[in-house]
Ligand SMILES: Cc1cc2nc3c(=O)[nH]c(=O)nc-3n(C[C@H](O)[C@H](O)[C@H](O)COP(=O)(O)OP(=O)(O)OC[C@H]3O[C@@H](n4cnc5c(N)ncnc54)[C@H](O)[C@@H]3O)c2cc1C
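Below, in structure tokens: the form predicted alone, a single chain.
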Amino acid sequence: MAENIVVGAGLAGLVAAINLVREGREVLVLERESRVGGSPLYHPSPEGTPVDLPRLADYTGIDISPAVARFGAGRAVIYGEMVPVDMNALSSVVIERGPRRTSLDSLLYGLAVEEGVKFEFNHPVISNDDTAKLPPDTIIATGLYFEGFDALRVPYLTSFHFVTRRKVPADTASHVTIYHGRFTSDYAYTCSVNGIQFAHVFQRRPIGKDTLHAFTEQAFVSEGIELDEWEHFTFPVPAAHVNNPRLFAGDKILAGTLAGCMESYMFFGMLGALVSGKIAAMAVEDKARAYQEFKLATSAFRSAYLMKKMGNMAPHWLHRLMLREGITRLSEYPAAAEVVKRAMPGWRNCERAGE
């Protein structure tokens, strides 16, 4: 039996590999880093996301709940005003990404090894020639690396990031605080889980010292935390075009961020990565069915993309009003929360699987 190749040991690649090997296939994962856990620039990091855990397990065949923590608190700081966020209404959880044993990456890697998936680390696939040499139906899930987008000519925007992290007591309650304000055209947040406190500010244009100072000052005023020792880097994001999502590139199958399975307003990507891994594995055997599943998974991409374009044109007073009203009424209007959740790539697939 021919060996199936998966490029990238991130969430999408690991889910794809696990599903393929369960179908009786031999699977080899090629990973550019020396271990699982993504880019050392960004991880380890705690991240919050809406997810329906039972339905996700039904759809992907993988229960990720051992790597999930419930929120102790959810808040938003909207132009300096603290507003509580009903995380239960959004079905939100916090998950650690990265190489530590408490991360989702490590959980999936352990499952993959148990199932018999083979791994080859320190094996970058970074050029068009590299990908052309791979066999048909290779699954490429190279995540937030420019080389994958360039090699396969997938359009992207360059996003600019500052992050900092520090250790906190292991029993510190998991939390997320999202910041919107004049200091960034996108957003910033602080988050904690498993003894890590993480802060991240980003936007789709370069970040200056004034922006970083304004966020640092606001985080101290709002939460009493002092942020320093920032790291700076850039990432490609699949939000250059309204038609960015794509499942195929020639005879290769795409998954995760590279496929555009990332919510295009605030760049939530974990659920999309997990679901797209399942869809990519499906595409090896049944491309027509996988294509329909992919269209469902990314069905909200266009509306979120256009909403972000419109939001960027709104004056600050209107942006502030819309955010405050929308966030505070999530618990009052379940339909509003459903709109937010269904904007997550892959949510509708899991929803339908649970029916």
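Start at 1 with the first residue shown and count on from there. Here the structure is a predicted model, which is why all the values come from computation and not from measurement.
Just so it is clear, the following notes concern the form predicted in complex with this ligand, a form of the same protein that is not shown.
| query | Looking at 188, 141, 280, 193, which is the one with a non-hydrogen atom within 4.5 Å of this ligand in the predicted bound form? | reply | Checked against the cut-off, the match is 141.
| Counting only non-hydrogen atoms and a 4.5 angstroms cut-off, does residue 180 reach this ligand in the predicted bound form? | Heavy-atom contact with this ligand at 4.5 Å: absent for residue 180.
| query | Does residue 293 reach this ligand in the predicted bound form, with heavy atoms at most 4.5 Å apart? | reply | Because no heavy atom of residue 293 falls inside 4.5 Å of this ligand in the predicted bound form, the answer is no.
| this ligand contact at residue 265 in the predicted bound form, heavy atom, 4.5 Å | No, residue 265 sits far enough from this ligand in the predicted bound form that none of its heavy atoms falls within 4.5 Å.
| message | How about residue 233 - does it come within 4.5 Å of this ligand in the predicted bound form, if we only consider non-hydrogen atoms? | response | Although this ligand is absent here, residue 233 would touch it in the predicted bound form, with heavy atoms inside 4.5 Å.
| task | Please determine, with the chain shown alone, which of 166 to 174, 204 to 212, 280 to 288, 253 to 261 has non-hydrogen atoms within 4.5 Å of this ligand in the predicted bound form. | result | Within 4.5 Å of the partner lies stretch 253 to 261.
| request: Would you give me the residues of 48 to 74 that have any heavy atom within 4.5 Å of this ligand in the predicted bound form, in order from first to last? | output: Contacting residues: 48, 49.
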